[in-house]
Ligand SMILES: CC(C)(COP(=O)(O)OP(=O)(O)OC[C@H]1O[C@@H](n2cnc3c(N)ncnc32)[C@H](O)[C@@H]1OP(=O)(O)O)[C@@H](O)C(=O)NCCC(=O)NCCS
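Encoded as structure tokens, the following chain is the form predicted alone, with no partner shown.
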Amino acid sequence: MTDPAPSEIRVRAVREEDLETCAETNGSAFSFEWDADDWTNVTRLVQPNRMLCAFQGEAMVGVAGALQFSLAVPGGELPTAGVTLVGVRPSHRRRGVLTAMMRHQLDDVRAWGEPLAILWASESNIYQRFGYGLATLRATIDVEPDRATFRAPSLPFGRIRLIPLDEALRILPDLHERARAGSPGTFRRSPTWWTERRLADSARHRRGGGPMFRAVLEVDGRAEGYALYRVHSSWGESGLPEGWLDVLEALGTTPLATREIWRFLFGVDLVARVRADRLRPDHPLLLTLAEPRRLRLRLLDGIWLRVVDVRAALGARAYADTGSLVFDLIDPFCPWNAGRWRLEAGPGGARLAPTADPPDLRLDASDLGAAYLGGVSFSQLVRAARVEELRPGATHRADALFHTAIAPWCPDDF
């Protein structure tokens, strides 16, 4: 069978009557079958007009969706597309289907006035060719709780309570907003997101574990931290526990609240290990524990970011220093971004404008996506032979401008 020409691939918005076929198409891409209830929950989060389907002839061969987020960026928040549900049938891979959907989707995102797009990549080599750069990292830990002792002895404070779902829905959204304040890469969670994603507890979400437990830390009667976790119980032949506690999320509004919520998690009985796979890369546990190597901390790739509208995205971001920078941006997939730009950052805000002045740096769209939140420095990109410094000192100046005190991080899968 010959590859179809690009003109043979048609992409359009999903209609109500397409949803069942979309579920089957997406499931085939990832080799699983959607449960009807889970798929219904997904469609409550992704509006049909923000979902695309691709056809060859009359057959649906690919799907892609875009959630609507308010993403924290240095100094504020920006409307952002959360790219999700991207999949192409195994029978139609490497035939231009994904490229056609990405082309249509980025045009839509620009028309919606969303300067950024983010995604979690199942295969990270795919999306860089569409201008996505690795913008955040995530940390994983796997620690024996009896070796997770704090460096400085301290007495517990506050009160921990296990709370039911209805109380969690009432307490946790505000607590999450306070805990994530000033953390680039996080986004506001809608009520639907809390019910259908963060606090969802179906059999598929449990993956063989027990029910989700919801713990809240109260200090002087006010909620200051929380943890969501489940236990995967297992008992060895000797009658000793060999299971593990899976930390789904643990946040505190202060350093002490964060420490106390982890004190609680390390103290849960009848588990041999405590694991978490979506922690911030600069998590304080590394400096809190007496034996940090016991965490077995690993860094993995987090979200990938695409600057869809360079003028809006860089103009809305806050900068850590004042000054100017001229960069030559290479962006063949979104040509409206390509060209030479001057960034002026001052006390009154930032301004980006086209210029004919000689450039200080040359970079492509994926490099800009990686550096945008401050998680990857321009120095790192230069050392990786990705960004080209055209004027001595330009890299140092770019690092000073884009620096963030808090490493960007996204705790939410989507």
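From 1 onward, residues are counted along the sequence shown. Please read these numbers as outputs of a predicted model, since none were measured by experiment.
Only in words, not in the display: the form predicted together with this ligand, which the text now covers.
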Close approach of Val46 to this ligand in the model of the complex, 4.5 Å, heavy atom: no
Residue contact check: Val86 to this ligand in the model of the complex, 4.5 Å heavy atom: yes
Non-hydrogen atom contact Trp120 with this ligand in the model of the complex at 4.5 angstroms: yes
4.5 angstroms heavy atom contact with this ligand in the model of the complex for Val97: yes
Proximity to this ligand in the model of the complex (heavy atom, within 4.5 Å), stretch among 167-175, 125-133, 202-210, 74-82: 125-133
Contact residue in the model of the complex, chosen from Met60, Leu352, Val382, Ala29 - any heavy atom within 4.5 Å of this ligand: Ala29
In the model of the complex, the one of Arg296, Arg188, Arg93, Arg159 near this ligand [non-hydrogen atom within 4.5 angstroms]: Arg93
